[in-house]
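Both blocks below hold the same protein chain, though in two forms, and each is given as structure tokens: structure 1 and structure 2.
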Structure 1
Amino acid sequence: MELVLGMKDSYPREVKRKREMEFVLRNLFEKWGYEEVEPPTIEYYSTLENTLGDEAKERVYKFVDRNGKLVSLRPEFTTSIMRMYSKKEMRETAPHRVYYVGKIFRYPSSPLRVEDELTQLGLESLGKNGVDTDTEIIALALSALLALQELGIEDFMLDIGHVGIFQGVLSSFPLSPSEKLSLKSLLKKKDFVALEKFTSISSHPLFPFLLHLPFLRGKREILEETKKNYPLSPPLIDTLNYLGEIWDIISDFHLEKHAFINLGLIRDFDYYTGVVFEGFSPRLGYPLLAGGRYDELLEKSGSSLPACGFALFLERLMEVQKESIKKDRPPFISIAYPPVFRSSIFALAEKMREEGIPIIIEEKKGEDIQVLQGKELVYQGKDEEKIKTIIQERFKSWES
């Protein structure tokens, strides 16, 4: 009875913390007018093929269905949701605001990591583009992380960038398609040493801008500084202005405290077409939340649907939860009774449960009723009224 390699069992303590997070986030999304959807766990591989990058494709779980068609465990939700909402009737009733929660599956980058199955909770706004929608999604990402503060997720940040920055720089360079590809792959690998040696463009006025991108991060002022310091092309200036617009709205919402503009933000998925963002904590080396706009996700399959969304990684959020939050729940109270008390104890337990007190009941031999909390004997005797008060007092004391 071995656990499958790469998978993980979750015991009550952990599941409880995860559900608490889900509860807070679902609540928030519902209040913003988002409705829950549930895509299936598996999709045809051909559905995912159009939207995943080469490396991501290799990391998808694949197998064949009874007809011999290649199917995959979902590696993320976005593609499934886009498939659901690209139907004609769905497009006609757009816009849609939806959220989801569930497991995603991917082979980790290293076989030594146990994270083949992760829980994602996220949302998508479908059928609308423009600064209003982008800002709504970013405001929700910030609100989600803020809402999790009460569960011990502190000192988080949200970096906002735009794929138009890299695209704008790349299109300014006179490069052959193959050179462009290798430049892109260096950017993805974040190899700025090799990038610096890309001699065919090293004399281009925008080359220093490209090399400095990882450090062009800050509050709103970084936009003006960048415009002043580098000879940007008009499309690049437009992109910077767009980020400025987003920033101003976020500030009017008073949500800018944890937000940063990061012109060098690179996301792994190839499908992003506009704004991108990533939430993280200085206490963890990888993102807690990630998202962006992907209007052309369905382009390859011939239909189009503008969309923007993000997903939170619950296991990673639990990793940065403050220790004090991870406190143990006190052991349950149980009542062990001889059969003669069966009816009355069952009625008593039901009454306690109605009051919200969890109770375990068990039959036993002997004459007395025993009340235990975990292994501690709290009461022994036949006085049912007394049992009731003891249990209520115990419960009150661990609730406070």
Structure 2
Amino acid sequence: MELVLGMKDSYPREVKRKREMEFVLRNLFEKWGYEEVEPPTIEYYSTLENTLGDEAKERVYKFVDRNGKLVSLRPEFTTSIMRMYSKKEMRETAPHRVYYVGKIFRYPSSPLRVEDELTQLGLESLGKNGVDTDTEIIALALSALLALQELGIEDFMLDIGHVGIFQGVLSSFPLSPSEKLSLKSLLKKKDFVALEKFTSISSHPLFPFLLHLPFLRGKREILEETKKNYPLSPPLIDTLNYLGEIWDIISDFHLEKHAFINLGLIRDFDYYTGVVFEGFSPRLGYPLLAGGRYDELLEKSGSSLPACGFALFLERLMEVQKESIKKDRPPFISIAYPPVFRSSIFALAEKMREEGIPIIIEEKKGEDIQVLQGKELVYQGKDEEKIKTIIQERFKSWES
């Protein structure tokens, strides 16, 4: 009985840690006015085909259903939620603020990692665009990581970029669509040896800017330095100014400590149209959080709905979590009793549970009642009041 490659079994301790994260994040999102939605696990592949780039399509789990239609396990939530809100009545009642939690399925982007099944918890702001909305989403992403500090997520940073930077550079080069796709892949991998082989653009005045993009990262001053050091077009300067506005608002929110401008940030999915961002930890080489703006995702289906959002990867967050931040719950308390005490022990257990104390009860042979914590015998006898006191003291000791 083998586990399917790429899938993962989660045992009680791991599930408990995951649920604690979910509780913190759900509480945060709802305080900001977001409501939970639940899209289906399976979508028609044609729905995803209109929104995913070529690279992302290669990572999709797809199969034929019994009606002969090609379907897919969702590789992310954004497309499903946009489909939900693409209906006319939903677009007309925008804006909508929603969040979600659930599994996504996609083949990994690197042969060094096997994680085809991941849990995402994220949100989408639908029906509004502009610097205020973009900054709210980024502020919420930072606030989410900050809220998780109480669970041991401490070393993190959020890189903020814009697809207009890379697209603006690409549009200046005389390259075919396939060459541009190749260039994007090489830049993301920081393969500078291969990049140098693009001799057709090596003499272009923006080629040095392209090569330096992966290193143009810092606080607000990186924007002014970039405008000073490279011959940028007006649209590229406008994009840098937009990032400057976002930074100023984040600073007003006092959230800039963990934020960085990253002009070379490139996302996996091709549907992003504006600001993009990723959350990282130095303890892991993959994003803990990712998001951005995607105003044109529905245009191929004839609809229009501006949107911005992000998702956190809970399993990755658990990889960088310092488990010692919260002590583990001690073993459950159990009461083993002879049948003659069945009625009174059941009533006692219910009373304890009402007080928030987890209790396991089970019948046994013999004359005495036994109280155990895990395998430790803490009481043996027939005094039910004493049993109640012992259990309350044990639980109170752990709670404190």
Partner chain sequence: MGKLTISIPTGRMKEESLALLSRLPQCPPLDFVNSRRLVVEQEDLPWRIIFSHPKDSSTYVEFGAADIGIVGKDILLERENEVYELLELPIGKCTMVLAAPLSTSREELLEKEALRIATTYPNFTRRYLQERGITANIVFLYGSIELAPPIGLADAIVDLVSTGKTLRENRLQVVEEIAPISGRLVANPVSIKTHSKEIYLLVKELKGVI
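Here the rigid core means the biggest group of C-alpha atoms that line up within 1.5 Å when the two forms are laid on top of each other. Numbering runs along the sequence of structure 1, starting at 1. This one's a predicted model, so the numbers in the text were calculated from it and none came from an experiment.
Asks: I need to confirm something. Of structure 1 and structure 2, which is the form predicted on its own?
Replies: It is the second structure that is the form predicted on its own.
Asks: Does residue 172 move its CA by 2 angstroms or more between structures 1 and 2 when the core is aligned?
Replies: Comparing the forms between structures 1 and 2, which are aligned on their rigid core, residue 172 does shift its C-alpha by 2 Å or more.
Asks: Once the two forms are fit on the core, has residue 191 moved its CA by at least 2 Å between structures 1 and 2?
Replies: Yes: residue 191 shifts by at least 2 Å between structures 1 and 2.
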